[in-house]
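In the form predicted on its own, a lone chain appears below as structure tokens.
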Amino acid sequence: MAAYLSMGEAHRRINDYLSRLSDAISDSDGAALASLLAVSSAPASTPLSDALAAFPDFARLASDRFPHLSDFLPQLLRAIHSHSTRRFSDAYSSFEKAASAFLQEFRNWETPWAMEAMHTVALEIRLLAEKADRELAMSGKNPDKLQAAGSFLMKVFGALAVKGPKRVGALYVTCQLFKIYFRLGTVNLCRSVIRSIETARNFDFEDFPVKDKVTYMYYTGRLEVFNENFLVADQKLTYALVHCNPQSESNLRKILKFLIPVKLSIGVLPSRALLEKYNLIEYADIVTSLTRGDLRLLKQALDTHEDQLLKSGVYLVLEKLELQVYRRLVKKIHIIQRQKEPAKAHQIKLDVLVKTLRWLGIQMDVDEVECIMACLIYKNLIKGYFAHKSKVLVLSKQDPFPKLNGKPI
């Protein structure tokens, strides 16, 4: 419980905050301004929040002292006060009004001195919207603040996506938009922003800060995973991995959570040590199933970690590894036959595959196995053809198992 605060002391604290904020703008001190705009990270009880609780007329005080900022400061104080009292929907609504006023001021400033503050505004609008939506959902109301935050951030992006020094801040806002779209499940909205970044002449990707480029490549790589464009996903996620801060293990783990399924899909298996280091052991049995050609183990691994993999959005990607497991199984049979009968190693009876699958607990008839082998040939996972009458898979004597297009992690 906060100690009693006199009106005079509350008045002094509010005035001190307003003066520091006004001075930061007058002095073009972007770092100081950014720290004063951080709302969601502040604890419930601070010298300013206690003062706002004790001095209800704080909005008029701000307007009277700084009339040229009367659209900005009162709403900012309301947002801080509402957040400290855990009224998150009110906090978001007030902060959005303050942010709109700040954006108007930002447009009028010729230099990008306030870029750090603008980024803080972009971050706060998303974080406050997430808190507000949780509050609204718990009270049975429509959680619409995150969607509104996305609309506001598009305005911020428009203010930055122009010729001139301010454009360097556009990628940070883009990444905040990605986080919103992924949270809302509206990833299709990412496309218009991506086109603006990757096709506009205003942007040179290498000019953006490294941390923003890593985040951008992480999210665009995830989009390529959803589209099953694995080679492009591999390039983007590998870029994110290589350029990520090596001290940030949590971020490295997030990247690897998607990069590993991509690598598996193009035939590259991660080491057990890598999986253990980043606590991604849910992939261990999947890797083993690919090594052994063990379809039963793959199914067990997918069943065991189904909820986790579905939540990550990689379950369907991993489920399609079945064809690689079949490919590995055919290759193992081919190796065994080459040792026993070198002259007939390239001829594999489908009945042998049926018996092997039954031994693994997978019940299939010859026609089903033939269909799977046809799919492997069609997708160029193996080279060969069918002798349909004799039910024999005839493998090419030259490179029957072509390499997949992978690069090691």
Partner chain sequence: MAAAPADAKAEAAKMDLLEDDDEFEEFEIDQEWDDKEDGNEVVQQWEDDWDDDDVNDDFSLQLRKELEEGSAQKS
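Predicted model, so just to flag it, every value in this text is computed and none were measured. Residue numbers count along the first chain shown, from 1.
Keep in mind that the form predicted together with the partner chain is not shown, yet the notes after this line are about it.
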* Asked: Counting only heavy atoms and a 4.5 Å cut-off, does the partner chain in the predicted bound form sit next to every one of 119, 241 and 270?
  -> yes
* To do: Would you mind picking out the stretch of 69-77, 260-268, 91-99, 151-159 that comes within 4.5 angstroms of the partner chain in the predicted bound form, counting non-hydrogen atoms?
  => 260-268
* Asked: Is residue 302 close enough to touch the partner chain in the predicted bound form, meaning at least one heavy atom pair within 4.5 Å?
  -> no
* Asked: If you check in the predicted bound form, is residue 57 within 4.5 Å of the partner chain, heavy atoms only?
  -> no
* Asked: Is the gap between residue 346 and the partner chain in the predicted bound form 4.5 Å or less for some heavy atom pair?
  -> no
* **Contact of residue 195 with the partner chain in the predicted bound form (heavy atom, 4.5 Å)** => no
* Out of 339, 188, 108, 199, which one falls within 4.5 Å of the partner chain in the predicted bound form, going by heavy atoms? -> 339
* Asked: Ok, 374, 360, 42, 364: which has a heavy atom sitting within 4.5 Å of the partner chain in the predicted bound form?
  -> 360
* Relative to the partner chain in the predicted bound form, which residues of 341-360 have a heavy atom no more than 4.5 Å away? -> 349, 351, 352, 355, 356, 359, 360
